[in-house]
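Quick setup: one chain, the form predicted alone, written in structure tokens, and binding and motion questions come after.
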Amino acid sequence: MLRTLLFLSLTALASAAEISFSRQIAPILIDQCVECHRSGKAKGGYRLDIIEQMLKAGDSKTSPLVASKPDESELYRLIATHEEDDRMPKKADALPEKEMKLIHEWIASGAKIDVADKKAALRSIVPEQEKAQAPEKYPHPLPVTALALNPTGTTLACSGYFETTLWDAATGKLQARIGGMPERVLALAWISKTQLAVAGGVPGRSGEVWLVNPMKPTERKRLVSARDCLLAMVASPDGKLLACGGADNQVRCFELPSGKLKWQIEPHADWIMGMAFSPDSQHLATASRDRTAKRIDASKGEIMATFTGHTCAVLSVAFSPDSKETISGDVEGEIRRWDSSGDAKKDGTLKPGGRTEMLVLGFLDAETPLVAMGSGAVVSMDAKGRKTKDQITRYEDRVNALLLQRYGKTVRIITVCHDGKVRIHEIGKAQPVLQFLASPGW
């Protein structure tokens, strides 16, 4: 009997010793704790987003981790306590018993951290999980949520399921499939021949941004691993910067082609729904569910202006061709014009028609905004007359992305919809010059 008990005890200790901080503990802390204990939001003076910070005491001055002693470790005590006023995470359910037990066993076995670089961010040390494979043939057309055109105007990149698909812009034929991408691809930016940026994730679970070489898809680099989905991303017209934002309320700006983080801020109190770079590449505009839009200095990440004229969630933004004026569109069908100081322009409210989402904004010229709507309509506006100038097209489903392509005197409008179709229109022609389903197998 004694031998059996000894064997079981040794087995339990060996099992605990095998717990990996990077693979098993860090993901729990990222999901449950990091949002309230990170740079810029360190509640109780305690941070968990960086390993070396995680090991330092917060305002309580009590050690967060005492090797081999879970009950003396403040981190464990606060997640295990039955006192709701003290228990972490605050204003949320207690950790599942399985996760609590895992953390207890990890500390009991010595709280070993299997990472050499103690200055590393928790998100950066979690091993990349193997992604699901996109189906060889889609069972039904997939809604297209993101679109990008390569610099030569010959290839379109479209969103897919765990992949990005590449299509011939002249024929609509499938050229290539880039796998290993976020489950939901919600933004694309084709920066150069060898750089395609892909953003997305899983709402409420994860967000990612990748730089991929479309010519050699194995050449890739993950720029962001976020706690929530990335919803918007844009590259500066000069090709030197890439900015992204989403459901974690953060805006990150990277230098190109290196992918080095230039700055990161939290300019909004809610999700960032839309973004745009000014034509001169000097400023970035953001649209948020917190009912505001902002103008940000692209070189420093400093907020230059805040527009508060909307009464509901703001979904889209665009700069005028001279980079001085900004327009923003909201969820209830209004577009507002505002200047570089964040002041509304006189008679600057445009209403393209109906209480529908203003999903994408652009400019055909200085006084002709272009808007794609949740109703399926794509129209141009007379900014001075504050009325619809021309209905370019009308679909039966929401328009998720829109691009302008100019060559010579020809202007093309490329759209993707929730019905899974890519359509290319030329201004002046009633019917699309090309349309196709951007789902492999269809």
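Start at 1 and count along the sequence shown; that's the residue number. Keep in mind it's a predicted model, so treat the numbers as computed, not measured. The term rigid core refers to the maximal set of C-alpha atoms that superpose within 1.5 Å between the two forms.
What comes next is about the form predicted in complex with heme C (HEC), which is not displayed.
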4.5 Å heavy atom contact, Gly58 to heme C (HEC) in the model of the complex: yes
Contact label in the model of the complex: Asp290 to heme C (HEC), heavy atom within 4.5 Å: no
Interface membership of Ser380, heme C (HEC) in the model of the complex, 4.5 Å heavy atom rule: no
Contact label in the model of the complex: Cys36 to heme C (HEC), heavy atom within 4.5 Å: yes
One residue of Ala169, Met304, Ile79, Leu102 in contact with heme C (HEC), assessed in the model of the complex (non-hydrogen atom, 4.5 angstroms): Ile79
In the model of the complex, the residue from Gln32, Gln53, Asn400, Thr393 that sits within 4.5 Å of heme C (HEC) by heavy atoms: Gln32
In the model of the complex, segment of 233-241, 348-356, 327-335, 68-76 with a heavy atom within 4.5 Å of heme C (HEC): 68-76
Heme C (HEC) in the model of the complex reached by all of Gly44, Met88 and Leu95, non-hydrogen atom within 4.5 Å: yes
Partner contacts for 220-257, taking heme C (HEC) in the model of the complex and a 4.5 Å heavy atom cut-off: Arg227
Core-aligned C-alpha movement of Asp86 between the shown form and the other one, 2 Å or more: yes
Residue shift check between the shown form and the other one, rigid core fit, Arg337 Cα at least 2 Å: no
C-alpha of Asp290 off by 2 Å or more between the shown form and the other one on rigid core: no
Direction of C-alpha distance change in the model of the complex, Asp290 to Gly44 (at least 3 Å): farther
Cα-Cα trend for Val224 and Cys36, given that in the model of the complex the distance shifts by 3 Å or more: closer
